[in-house]
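This document starts with one chain, in the form predicted on its own, laid out as structure tokens.
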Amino acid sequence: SCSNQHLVFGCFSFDSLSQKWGFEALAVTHEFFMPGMVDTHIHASQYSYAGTALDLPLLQWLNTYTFPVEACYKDLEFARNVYTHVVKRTLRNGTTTACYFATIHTDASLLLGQIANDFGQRALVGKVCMDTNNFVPHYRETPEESHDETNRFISEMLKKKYPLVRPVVTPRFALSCSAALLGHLGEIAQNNHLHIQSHISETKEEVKLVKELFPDYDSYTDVYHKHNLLTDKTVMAHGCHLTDEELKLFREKGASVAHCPNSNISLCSGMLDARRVLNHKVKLGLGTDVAGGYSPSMLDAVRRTLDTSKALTIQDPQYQTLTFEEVFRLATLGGSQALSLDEHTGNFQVGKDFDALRVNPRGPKLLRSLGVVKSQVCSGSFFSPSLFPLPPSGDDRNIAEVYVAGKRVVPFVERP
């Protein structure tokens, strides 16, 4: 193993730093800070059954499991219990920023925003909008109800003036929304300068059905575009089957893709070619997509992103596999860019909020023989993959503290 005097921290040697700042070897701890991770797509309401019920393809899975469970959130005590658990769990896993889907229930969605604020998480929270659901009729709205309740949700949340929690306009996806509702939601987002989130091109079956429901539109992307839902504050989950022309439109409008590899594989939806998205210069972040994804950990999203890229390389040896540095960036700065929050968070650039994790690489999940971790942070952004083993083999037990906007939020402080 390396001796302390030969360590290099960022652009400086241990010796030069110790001489400049007057510390000795015994005072050095082999822990480090890294930027907080950004989950660009997670269904808070699905956390209660994460890790189960992954035996069906997407559309059947939604009708059999998801919609019946989400209907339960009219019960605010049920909602409070689940939402408290998911906010605490994601924070403990190092998610300093989360983009949440809630349910169609306005009061429960407002409650999720309150809980995220209470625990200090940076969050975008969306009341789900859907007026087309023939399979679970009791879990849908009329276009008028969705329009009015979305306005109420946005108005009441903005009145709270939470420092880090904002509403996001949330049509579930084109299959569950009428053209009239999509148009209303586009107007609401435009009039209030709000973020937008939805799903797109997750499965081939979904793409086919959208074409049948919206035959006068050029593509799935065009459906959102023509209803003013494709903007520089839009993040669309999955995108496994987007065409080159659709990605060009994403680039032109400044819209983002949330890559959710765990869910894509678990539900056999497809494998997003993240390299192709990046080559089109489309903003790209990572998402856990609980509960289609079975893990609420962004470290898992990092691992599954690497796995998917390697699987594409197995299929085509000429494929350019994503590097560790690229994927680490997607989980941090890339995610903040995808959510148009990169002025505030994503890395340690001077002037941004301090969203950070204090990492102990000698935690129980890692090989203690690794000794020390040398960081490559000359640019203030990234760590060397060969010497930074947290994503490949670490978990929440290696995360000692979590900070959001300079405030320590993990370990949790018990409230009276």
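No experiment lies behind these values; they were computed from the predicted model shown. We number the residues from 1 along the sequence you see.
What comes next is about the form predicted in complex with a small molecule, which does not appear here.
### Query
in the model of the complex, which of 296-304, 318-326, 338-346, 172-180 comes within 4.5 Å of the small molecule (heavy atoms)?
Going by heavy atoms within 4.5 Å, the stretch is 172-180.
### Message
I'd like to check something about residue 65: if you look in the model of the complex, is any of its heavy atoms closer than or equal to 4.5 Å to a heavy atom of the small molecule?
### Response
Result no; residue 65 lies far from the small molecule in the model of the complex.
### Task
Although the small molecule is absent from this view, report whether residue 46 comes within 4.5 Å of it in the model of the complex, heavy atoms only.
Answer yes; at least one heavy atom of residue 46 falls within 4.5 Å of the small molecule in the model of the complex.
### Message
Taking the small molecule as it sits in the model of the complex, is residue 90 in contact with it (heavy atom to heavy atom, 4.5 Å or less)?
### Response
Judged by the heavy-atom cut-off of 4.5 Å, residue 90 is well away from the small molecule in the model of the complex.
### Message
Even though the partner isn't displayed, in the model of the complex is residue 127 close enough to the small molecule, meaning a heavy atom within 4.5 Å?
### Response
The answer is no: residue 127 has no heavy atom within 4.5 Å of the small molecule.
### Query
Which residue, 227, 140, 241, 199, has a heavy atom that falls within 4.5 Å of the small molecule in the model of the complex?
None of the other options qualify; the answer is 199.
### Query
Ok, 58, 50, 69, 356: which has a heavy atom sitting within 4.5 Å of the small molecule in the model of the complex?
Exactly one residue meets the criterion: 58.
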